[in-house]
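Read the single chain below, which is given as structure tokens and is the form predicted alone.
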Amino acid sequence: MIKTSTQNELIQYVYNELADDAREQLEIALMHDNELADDCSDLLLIQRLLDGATKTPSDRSINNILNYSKSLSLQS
């Protein structure tokens, strides 16, 4: 019997954090369940998009933080 996989297990699988035995069971389930495979494919796509996302704050955000910090030091 194939174990029903949860969203958490799929996320762990995508990030290679699933235990070996659970990974093997999930891979078997992926071969037999098209909906599960589609969900996994979606998560892999989302992972790639997140990995490519901007990881630095905008100049405006930096300036806002610096200005706030300066205003606190002027109040002292």
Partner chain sequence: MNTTTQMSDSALVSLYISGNENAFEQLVNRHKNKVFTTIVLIVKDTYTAEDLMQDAFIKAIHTMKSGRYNEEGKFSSWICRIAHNLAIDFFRKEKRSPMITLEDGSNVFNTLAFAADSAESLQIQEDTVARLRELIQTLPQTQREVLMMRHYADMSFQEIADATGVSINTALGRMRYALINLRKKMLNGNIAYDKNIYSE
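The structure displayed is predicted, hence computed values, not measured ones. Residue numbers count along the first chain shown, from 1. For the two forms, the rigid core is made up of the largest set of C-alpha atoms that agree within 1.5 Å on superposition.
Quick note: we don't show the form predicted in complex with the partner chain, though the next part is all about it.
> Is I11 near the partner chain? Define near as a heavy atom within 4.5 Å, in the predicted bound form.
Looking in the predicted bound form, residue contacts with the partner chain include I11, since a heavy atom lies within 4.5 Å.
> When the contact criterion is heavy atoms within 4.5 Å, does L43 count as touching the partner chain in the predicted bound form?
Taking the distances in the predicted bound form, the answer for L43 is yes, it comes within 4.5 Å of the partner chain.
> Given that the partner chain is not shown alongside this chain, does I28 nevertheless sit within 4.5 Å of it in the predicted bound form, heavy atom to heavy atom?
No.
> Closest heavy atom of A19 to the partner chain in the predicted bound form, within 4.5 Å or not?
Outside the cut-off, so no.
> Suppose contact means any heavy atom within 4.5 Å; which members of 29 to 52 contact the partner chain in the predicted bound form?
Stretch hits, in order: S41, D42, L43, L45, I46, Q47, R48, L49, L50, D51, G52.
> Would you say Y68 moves its Cα by 2 Å or more between this form and the one not shown, aligning on the core?
Yes, shifts by 2 Å or more.
> Could you check whether the CA atom of G52 moves 2 Å or more between this form and the one not shown, using the rigid core for the fit?
Comparing the forms between this form and the one not shown, which are aligned on their rigid core, G52 does not shift its C-alpha by 2 Å or more.
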